[in-house]
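Here are two versions of the same chain, shown separately as structure tokens and labelled structure 1 and structure 2.
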Structure 1
Amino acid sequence: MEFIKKLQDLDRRWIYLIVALAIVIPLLIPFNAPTYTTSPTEKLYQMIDSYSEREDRAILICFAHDASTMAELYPMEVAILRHCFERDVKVFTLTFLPTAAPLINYAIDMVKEEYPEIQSGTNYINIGYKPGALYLPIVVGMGDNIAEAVETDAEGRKLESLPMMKGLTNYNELKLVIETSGASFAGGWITYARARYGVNVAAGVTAVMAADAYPYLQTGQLTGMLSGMKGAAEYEYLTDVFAAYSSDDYPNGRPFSKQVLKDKEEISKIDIAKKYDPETKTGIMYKWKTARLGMNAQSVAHMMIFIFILIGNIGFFIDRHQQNKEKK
């Protein structure tokens, strides 16, 4: 009893230390934990995958966050870009925040390192930073003409002069917009671009906001959603299982299948605990499994918080019981 009561008055700095250890230890000792994919992630993956090798289809990733929420959103962006580059899906990147502009470059450069054939202007166009005042004019303007609405890419080249624009005019071809944000779940895109032009909108959100987006998932206003680090881990996993898969039957990745996800033998081939060997090219590179390794630490941290809540409440009930006794 006394021990539990003492625990209640534990200095907050001890709690901070326990939190730090609960995260550091699982990161130092990686282990394989199951990644279960959810429907909003699968839907987004399938939609992007359906545009594979199509000249007249493209997606847009709008980076609507700065470094503060990078831990949750950046692995998503990397995983989506990797999927696009693996499966030859044309992709635009754009931001209305100056502090997000370098994040786009980092994400593209990080993924491109492993895909030397991917070219700026041919396989992807980084529109880069456009001032916030142009948010609505661009969101709406792309419904008429993408090249006219944004004019230039991040390198100052006219969009209409770039080879990737062949076959791409407006939202009839740019079929999917994904906004990664820590402040909204693609609200502007849903209100303006989807309502007026019917473009598919998906969101990569920080977990804080994920619960608020469910009504929009049910109505179909959001085609798919990646929710925080878990969403990123799910997407990394799907990319590994399907897009990065290679065999004689499927040299450039295989199509999405629920059956494969349920196949224990297939799943056991995805090993995140094993270190990547650059010589034999076996194992999974760290940059492709950042979120999944993070989810290992997340597991331990959530259990720790669960125990915190439990101890706190046991102490609370003991306290209340004693107070009631004293009153009697």
Structure 2
Amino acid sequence: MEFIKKLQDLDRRWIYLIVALAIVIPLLIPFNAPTYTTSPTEKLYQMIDSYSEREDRAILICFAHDASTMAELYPMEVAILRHCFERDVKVFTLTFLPTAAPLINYAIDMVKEEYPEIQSGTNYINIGYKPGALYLPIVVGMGDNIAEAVETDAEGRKLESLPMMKGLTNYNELKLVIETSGASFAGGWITYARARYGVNVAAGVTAVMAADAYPYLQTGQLTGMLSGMKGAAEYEYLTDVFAAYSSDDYPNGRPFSKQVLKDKEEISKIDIAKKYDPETKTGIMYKWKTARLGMNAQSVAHMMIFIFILIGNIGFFIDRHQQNKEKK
């Protein structure tokens, strides 16, 4: 009883300190927490992977957020770009927010550091920022002709003159649109691009937005979805297990398999806690595992908060019981 009373009277600053340490320590001392993938993430991964090395297939990533939601959305964008560059999947990037344009460049430049063979205009096209007033003309116009709906890329080059456009005309080839946003879940793409042209639409959303998007997953209007840092961690994980995996049997990565995901011996080889060694190229580079390390810290912090809530409730009811006894 005395111990519980002391806990109830504990200065809240100690609680803040403990929670802060629960976040910081896992970031400084990483560990291999298990990553369980969900169906919306797996479906998105498999669809993108099916476009590997195809001249007549491409995806579009629409950056619909600014720096305020980077912690959750940026890792998933990096993971998707890495997957595409690993598998030779053609990528368009686009934004209708001026504050998101630097984030596109930042993400592409970060991933390209490890893929020197990837070339702008050949492997990817950054359309860059387009004013919001052009949203509807571009979304609908791409259904007829991509190069006419968006005439130039971020560097001012004509799309029709770029090598990547060979074999790409409209949504018949641009088969998937992914919008990453902290405020919506690709509603405009669903309403105009999917309803009229049948293009596949997926979303990358912050965790608080996921509940609003699930009905669209259930109806099939969303092909896949990444939900917050958890979704980003799952996609990082799938990329390491499959796209970034190489061996004599699978020099370009191996195909997706549920059985591989269940194989603990194979998965144990993916050590995110190990520091990356550039000479031996062992371990995983920090930028490829930011979401998983973030999930480690988030999991520990949530556990600490749960313990504090549990202790607080036990203390409350014991205190209430003691008061009732004293009244009697």
Partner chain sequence: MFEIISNLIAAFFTLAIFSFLYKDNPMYRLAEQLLVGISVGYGIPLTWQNAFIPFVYQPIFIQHKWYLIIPCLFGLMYVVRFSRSLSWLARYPIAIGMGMTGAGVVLSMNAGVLVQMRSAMQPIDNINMLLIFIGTVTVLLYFYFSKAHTGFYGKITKVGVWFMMIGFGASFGNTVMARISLLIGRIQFLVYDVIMGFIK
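Sequence positions of structure 1, starting at 1, serve as the residue numbers. So that the term is clear: the rigid core is the largest set of C-alpha atoms that superpose within 1.5 Å between two forms. What you see is a predicted model, and the numbers here were worked out from it, not measured in a lab.
Note: the form predicted on its own is the second of the two, structure 2. Under a division of the chain into two rigid parts between the two structures, the C-alpha atoms of Leu159 and Gly187 are best fitted by the same superposition and thus share a part. For the chain modelled as two rigid parts, C-alpha superpositions between the two structures yield a turn of the smaller part by 17°. Here Asp9 exhibits a Cα shift of 7.6 Å between the two structures, evaluated on the superposed rigid core. Taking the core as the reference frame, the CA atom of Gln323 shifts 8.3 angstrom between the two structures.
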